[in-house]
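A single chain, nothing else alongside it, follows as C-alpha cells in the form predicted on its own.
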C-alpha cells in the first residue's frame, strides 16, 4: 500500500483547506508519500476561541481513527487536539505550530509570530511554554482579520507586510505565519520583511516526510537482515 501523509484542517473553511493544499503541493514527488489534505466539515469556520480549540479534539480523533495514514498533521497553527490525537494512533502526529517553531529556531536566534487574532496568542504561548522556548519569541502581532479575508489572494497583504516588518523591528530573525489561512502569502511576506518566513504546514510536512521515509528505511533494513 502506498504511503500516505494526511493533513487535517480542523476548521470547515474550503479556502483555508485549498490554501494548505497549494502550499504543500511542491513537496509531492515520485517515491515520496502521497500528501492528502482534508477538513473537519462540521468544524468551526476558524479555530478562534479556547472553546473551538478544545471542542475540535474529539472530531479530530474520530477522523484519524477512520482514515489510515502513515503520519498525520493537524493543519492549525495552535496545534488543537494534538495530545488527544496522539492517543488514538501509533503513527506520528505533528502540530504545525511546534514544527514551525523548530524550523524558525534553525533560521535565527529569535522569531516572531504573525497571529490570526489577539485570541490566538494565549494558545500559541501554551506551545511555546511546552517546548521551553518562550524566551526565543521576539513578539507576536495579530492581524485580526476574518478567515475569508485572510485567504484572499490580495486583501490581507498590506496588513501582513506591516505585521512582518513590525516583528523584524522587534528583533525577529525569522517570522512564522500564525494561521494556515496565510499559507499562500509566505513568499510575499518574506519579500516584504527581508527575513526567512516559515509557513507551518510546509514545516510540518518536512518533518512528516522525514518520519515516514525513515520508517521505510528501517523496514527495508530489517527485511534485508
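Positions refer to the first chain, counted from 1. This one's a predicted model, so the numbers in the text were calculated from it and none came from an experiment.
Beyond the structure shown, there is the form predicted in complex with another copy of the chain, which is absent from this document and is the topic of what follows.
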For residue 42, is any heavy atom within 4.5 Å of another copy of the chain in the predicted complex, or not? no
Just checking whether residue 169 would be counted as a contact of another copy of the chain in the predicted complex - the rule being heavy atoms within 4.5 angstroms. no
Would residue 118 sit within 4.5 Å of another copy of the chain in the predicted complex, counting heavy atoms only? no
Counting only non-hydrogen atoms and a 4.5 angstroms cut-off, does residue 32 reach another copy of the chain in the predicted complex? yes
At 4.5 Å by heavy atoms, is each residue in 82, 105 and 191 next to another copy of the chain in the predicted complex? yes
Near another copy of the chain in the predicted complex, with a heavy atom at 4.5 Å or closer, the residues from 47 to 68 are 50, 51, 53, 54, 57, 58, 61, 62, 65
